[in-house]
Structures are given as C-alpha cells and as structure tokens.
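One chain follows as structure tokens, the form predicted on its own.
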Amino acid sequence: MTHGSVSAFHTCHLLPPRMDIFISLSPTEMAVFLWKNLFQTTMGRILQQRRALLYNGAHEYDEELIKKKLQQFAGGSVNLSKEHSGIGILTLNNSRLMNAFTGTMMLELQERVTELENWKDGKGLIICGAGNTFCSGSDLNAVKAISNSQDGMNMCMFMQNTLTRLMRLPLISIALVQGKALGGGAELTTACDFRLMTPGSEIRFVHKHMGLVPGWGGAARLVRIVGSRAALQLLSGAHGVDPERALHLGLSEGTLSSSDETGSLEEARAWLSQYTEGPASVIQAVKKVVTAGRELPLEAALRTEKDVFGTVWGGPANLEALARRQKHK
C-alpha cells in the first residue's frame, strides 16, 4: 500500500458522517486524526480484555473480603520506579523474611500492576527482590491465619488474578532471580516473559513439602515454559533448580556474571534493552500479539493481531520508518 492508500483505507472504514469536519485538514493530518481514533478505540478494547478477571462473584470469589483479611497482615512493600528509558523496576522489599509476601504486599502488587497497565510510555519491566534475594513465597504468619478453606481459595483467586494481569502486561518482563525464589516466589518468576539468574541463585517449587500444590497459577505457567514432563519433575521432586539446570530446561534465558545486587540489575537492564529499543507503541504491540497467540484459539488470536496491527499501521512510528527508507533511496 502507498501512503495514499493508507489514508484511503482509514477513511473508508472510519470516516464519520460529518464530512465537513475534515474539509480543512490535509491528507496527512486526516490520516493522523483517523489513526488516533482507531488507536484509542482498539487500545480501550484490548485494555478491557487484559483486565478481565479470571474469577469474579460467579466463582464464589469475594475480593473485598479477602482484601480486608490481607490488610491485617502488614509489613514490607512492593516498590515501583519508572525510568525514562521505558523500563520499570518492581522491587519486593521485605528483607527480614527473604522478601516473602505479607498480606499488604499482595495488595500493593495488585496496585502496582494497575499502575503498569496505565503506563503509556512503558516498554519493559524487571522484577527483583531487595537484599540480593528474590522471594521466599508467602509470609507464613498470614498463611496460618487464613488457613480455612474459603479464605485460602479467595487468596488463591486474588493472586491468580493479579499474576495473570502481570503476565498480560504490554511490557516485556524479566524476573531477576538473585538468591532464592521459593514457593510463591518461584511462581512469580513464571508470570514474567523471561528469567535471568545470578550465580548461586535457585528457583525451587517447595509446595509439596508444605502439603500443597502451586495456587498462584505457577503450575499452569510452568508447563507452558518447560513442558509437562519437566514441570512434573520440578513440582513432585521439589528440588532446587540452579542456573545451569534452569538454562538447560528453558526456565532461564541465561546466567549473569554478577552476584552483586547493583551489578546484576545493570546487567539485566542491558539485556532487556536489546528488546525494548524503539517506540513504546510498537514494543507494546509486539507483546500484545504474542500474548494473544499464546492464550487464544487461532481465530481469536488472528483477530486480535489484526486489531493490534491497525493501531500501528499508518501510525507515527510506521510513517517515520517509511520516510527514513524513502530518504535512503
């Protein structure tokens, strides 16, 4: 399609009845105006789909009740910093308990995910733990206090909802595994697109030793990452996975050279930057079509790909790339 075709395509499908509105616009201005309308409409629909919860009242899920219970178990924090490069750093901060999730940290994680969903300039996300360790799962004090079946199920559904939204963020995400990623911490790593490990670090699904199975969606995601055979071994054996074995299984993308908290974060940022170079709109579009391809039946994935394609075709990055190419001829 030529540039003129782009304008004709958008005009044909999106031009409103009031033709007089466009009389004063040049063809380029009209194309940009129509592209913005398409982008806003499509992005609104995709954002609504991404925030759709796995569980609601129809599943006997009472979110407000579990929030009130989780609020009783305070401690630690989940901090988010946004860099001008479009990379966010989400840090679990509860070093006294190896960054285990307290009740209020679970609530804060949901809040941070909501913030990231609304980050228009975001491109990438690194999740790490303070104090040179990742996360040891749930704070056992909170777990013991809500050990009845209904509360446990509500917490399970709350965290599955949150981590599913985290996984569907239009950002390319990395779990930076320093020290231990145990239980729920191991599950959290599977909600990221990639995992990078530092020397001496370990991912371990210890749920069996607690008389449990993963409840935050970690088992389902693990199967998709390493396959059912390896997932069964990791869950039933409850053995620690070191960087070498994680790389062999496809659970990790690589082992960083630094074990230092600052140094490993710099390495992870550099590794991620090779995938986040370019406009945020394009990086986010790439993540969305991959998420659709992973989660949806083929026909639905193709329709989503078409919708996302429409948000970037004829958009600023596309037109700029076409102009650069013409200039080079």
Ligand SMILES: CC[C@H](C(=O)O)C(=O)SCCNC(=O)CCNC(=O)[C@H](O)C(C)(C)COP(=O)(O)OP(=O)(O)OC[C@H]1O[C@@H](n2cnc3c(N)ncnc32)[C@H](O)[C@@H]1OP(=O)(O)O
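Small disclaimer: the values here were computed from a predicted structure and weren't measured. All residue numbers refer to positions in the sequence shown, first residue = 1.
If you look for the form predicted in complex with the ligand, you will not find it shown, but the lines that follow are about it.
- Annotation: pocket open; no atom of the ligand, superposed via site C-alphas from its pose in the predicted bound form, falls within 2.4 angstroms of a backbone or C-beta atom.
- Contact check for V206: a heavy atom falls within 4.5 Å of the ligand in the predicted bound form.
- For W216, a non-hydrogen atom is located within 4.5 Å of the ligand in the predicted bound form, even though that partner is not displayed.
- Taking non-hydrogen atoms only, G122 never approaches the ligand to within 4.5 angstroms in the predicted bound form.
- Not displayed here, the ligand is approached by R96 to within 4.5 Å at the level of heavy atoms in the predicted bound form.
- For the marked spot (P170, Q284 and V308), a heavy atom within 4.5 Å of the ligand in the predicted bound form is absent from each of the three residues.
- Only one of M197, L188, V113, L182 comes within 4.5 Å of the ligand in the predicted bound form through a heavy atom, and that residue is L182.
- Checked against the ligand in the predicted bound form, the residues N154, T162, S201, S138 give one hit for a heavy atom within 4.5 Å, which is S138.
- Between 140-148, 222-230, 85-93, 235-243, the stretch whose residues reach within 4.5 angstroms of the ligand in the predicted bound form through a non-hydrogen atom is 140-148.
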